[in-house]
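What follows is a single chain, given as structure tokens, in the form predicted alone.
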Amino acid sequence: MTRVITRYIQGGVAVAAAMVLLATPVWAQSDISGEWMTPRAFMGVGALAQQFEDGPDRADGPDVGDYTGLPINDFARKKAEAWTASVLSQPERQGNPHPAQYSIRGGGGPNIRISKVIDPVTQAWVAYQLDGLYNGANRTIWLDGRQHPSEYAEHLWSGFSTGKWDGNVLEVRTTHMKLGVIRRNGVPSSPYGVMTERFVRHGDYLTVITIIDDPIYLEEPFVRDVTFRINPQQNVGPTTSVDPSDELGDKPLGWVPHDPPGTHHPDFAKKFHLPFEATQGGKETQYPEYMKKLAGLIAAERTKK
């Protein structure tokens, strides 16, 4: 009888252990949950004066025609040249969120909250939820090993994200993103792009490194990063509601703001005394070797004068 009871207990322990393993798919080395404030919020006096990010991408948006350092192709450049900010005045676009390709950088923010998602039945940790992204394009990063949906599945502003831990780094892969932008001056990102992110926590700071591979608009992967700081006093509030209004009342129904094909935007180059060619992006502009070519372009322009 004692042997039977012992075997029963051992079997029960084995079953319980198996259930625990099935119920806890996530083994994090460094938890990234919490309230994180944007570098724009770092701006202040003394210890808080820490604005490290690219100013134009953190505030009102970059100049039209500023494609410097972007690995865009001719197709993307033409689309950006045809873009005008007035398109955001269309009622159906006034409430558009920032797409996943851009939202983590955002304009004027974002301050974000990263929360664990716990299965209410099994208590398994299955995902992270990111809240506070512009106009409610909040994201879920699934950590439970699920597969990405079919290529024909719906595309969302938030995309579809799955993550896995590589030591202390959370690596996230996002697909099914809507047509969007990688800069708020019309530089596009297609729905065929794939985004890889690495969330790295180091004490009170969280760095998010983003890599976008886009076969339609990019010649090479586009890489950037953003850093947040923990802020326990912060509480990300609800999404701001948008009430569209008729800002294009003097235009005919169906009119879409745009610049005609062949439009160029030289004002940015003139503003900073740069050769126009140097502001047009392309993969070669990402590398230090381009400095030699830039010096040659500047010398050539001075010769013309």
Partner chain sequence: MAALALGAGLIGAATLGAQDAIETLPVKGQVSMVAGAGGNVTVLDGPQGVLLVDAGRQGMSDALLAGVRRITTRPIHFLLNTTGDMDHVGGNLEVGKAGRPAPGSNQAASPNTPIYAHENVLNRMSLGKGGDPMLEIGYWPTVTFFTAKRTLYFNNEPIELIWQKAAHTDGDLLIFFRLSDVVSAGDVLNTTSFPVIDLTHGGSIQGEIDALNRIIDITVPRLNQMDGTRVIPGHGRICNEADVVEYRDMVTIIRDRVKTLADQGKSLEDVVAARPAYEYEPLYGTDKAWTTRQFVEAVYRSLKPAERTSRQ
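Numbering follows the first chain given and starts at 1. Bear in mind that the values here come from a model prediction, so they are computed numbers and not experimental data.
Form predicted together with the partner chain: not shown, discussed below.
Novice: Using a 4.5 Å cut on heavy atoms, which of Y128, W157, F222, F160 is close to the partner chain in the model of the complex?
Specialist: Of Y128, W157, F222, F160, the residue with a heavy atom within 4.5 Å of the partner chain in the model of the complex is W157.
Novice: So which of P97, P71, G186, G106 reaches within 4.5 angstroms of the partner chain in the model of the complex, heavy atom to heavy atom?
Specialist: The residue in contact is P97.
Novice: For the three residues R113, S115 and T210, which mark the spot I'm curious about, does each lie within 4.5 Å of the partner chain in the model of the complex through at least one heavy atom?
Specialist: No, because R113, S115 and T210 lack any heavy atom that approaches the partner chain to within 4.5 Å in the model of the complex.
Novice: Y217 near the partner chain in the model of the complex, any heavy atom under 4.5 Å?
Specialist: Although the partner chain is absent here, Y217 would touch it in the model of the complex, with heavy atoms inside 4.5 Å.
Novice: With the partner left out of view, is S30 within 4.5 angstroms of the partner chain in the model of the complex by any non-hydrogen atom?
Specialist: Outside the cut-off, so no.
Novice: Does S245 reach the partner chain in the model of the complex, with heavy atoms at most 4.5 Å apart?
Specialist: No, no contact at 4.5 Å.
Novice: At the 4.5 Å heavy atom threshold, is K78 in contact with the partner chain in the model of the complex?
Specialist: K78: yes, in contact with the partner chain in the model of the complex.
Novice: So which of 270-278, 30-38, 62-70, 249-257 is the stretch with heavy atoms within 4.5 Å of the partner chain in the model of the complex?
Specialist: Looking at the other structure, the answer is 249-257.
Novice: Using a 4.5 Å cut-off on any heavy atom, which residues of 169-191 would contact the partner chain in the model of the complex?
Specialist: Heavy-atom contacts within 4.5 Å come from K178, L179, S190, P191.
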